[in-house]
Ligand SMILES: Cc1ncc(COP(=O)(O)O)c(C=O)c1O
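Have a look below at one chain only, the form predicted alone, in structure tokens format.
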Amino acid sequence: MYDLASIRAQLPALASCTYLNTGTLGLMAEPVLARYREALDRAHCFGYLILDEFREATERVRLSLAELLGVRSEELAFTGNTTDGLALVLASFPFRAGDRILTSDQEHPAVLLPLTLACRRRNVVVERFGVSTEKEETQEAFSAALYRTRPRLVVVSHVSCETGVRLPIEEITRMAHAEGACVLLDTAQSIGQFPVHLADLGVDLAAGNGHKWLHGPQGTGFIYIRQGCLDLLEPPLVGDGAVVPPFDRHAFRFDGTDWCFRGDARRFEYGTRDWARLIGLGAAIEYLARLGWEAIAQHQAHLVTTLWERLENHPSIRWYSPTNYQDGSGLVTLGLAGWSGERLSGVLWEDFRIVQRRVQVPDGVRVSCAYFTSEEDLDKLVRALEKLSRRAC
């Protein structure tokens, strides 16, 4: 049984606000936070004495994350967040001048800003295709752009951070591979929302984080590099831990002939790591797994359907996300006639203590239906929108 009352009791912030912004920052449950604090305390109290213990614990977290993502642990490297991962992969990709990259018109700055650097520094060309709330329209737009641009790399989000649309990644990957393109997937808004198996999706590369829908510590993330793509990427940075054999001062040569990058994704990990954060991430994964990944997805699907049913006939409220949860997610973007998204977001917080996020395009606000969200939370949102619809902005 999905015991929502008990779940909410582990999240103190819910007593002071209506929290609908997991898409930006998740909330760490008290049992997870306790494990994280314990690891943090021990790391700083005992230093080198617990180093081997924490390294082993981190490798168990890597195994848990690999199982969750349906990949091999050797294909995962830990990073600080999705932005870190995307930037690392794009900085490592062997672009040639004139190469084309295909991305969507709903990508996060974590994608768009590294792509502009690739344009500036590597003389590549970026093209975009339109994302629709209708899966078939997105596929058609992608297909047309793919055959027009012939990209070397496709960079897309699994779930749009702007509208919550779930992109048809299996179809996109199949089409891209048929044209010889690699696929890099931004999973920031999907991992933890519903089951995601990267190997089944067929993508070559992916990046994600632990602080949104996994509700783990801030400063945790990962990159996935399919084994066959590993040698395609040469990390832009290097340090001890990323190379083999281990650093030997007696053998060291400045021509680099005494070492090579590791043969797994950990070639992107080097130097002293924040082991406590990763242990906290492992605790978050364990906590949500006990609740049940399918149960979480079903709960969120129910919430989105409930919200749609309560708003679909309201003349002033605009629904910018898919109405079918299977084509969408727990992210829903709403607009209010006569209100800018920026103003609406501010008033929802100032007057109603509802935490959400402004969206620029489409002009509105984004709400997150998370594993702890209740129908009462949605009632508060609906009442607030109805009240504001009668007020001049």
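Note that residue numbering begins at 1 and tracks the sequence as displayed. None of these values were measured; they are calculated from a predicted model.
Just so you know, the form predicted together with the named molecule exists too; it's not on screen, but the next bit is about it.
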182-190, 147-155, 265-273, 93-101: which one contacts the named molecule in the model of the complex at 4.5 Å, heavy atom to heavy atom? 182-190
Heavy atom distance at most 4.5 Å to the named molecule in the model of the complex, all of M28, H215 and G330: no
Can you pick out, from T83, S73, T173, Q139, the residue that has a heavy atom within 4.5 Å of the named molecule in the model of the complex? T83
Among H299, H108, K135, R310, just one has a heavy atom within 4.5 Å of the named molecule in the model of the complex, namely H108
Taking the named molecule as it sits in the model of the complex, is I279 near enough to touch it, meaning that at least one heavy atom pair lies within 4.5 angstroms? no
Examine L205 and determine whether its closest non-hydrogen atom to the named molecule in the model of the complex is within 4.5 angstroms. no
Is there a heavy atom of S321 no more than 4.5 Å from a heavy atom of the named molecule in the model of the complex? no
Determine whether any heavy atom of H211 comes within 4.5 Å of a heavy atom of the named molecule in the model of the complex, and answer yes or no. yes
Counting only heavy atoms, which residues in 236-256 are within 4.5 Å of the named molecule in the model of the complex? none
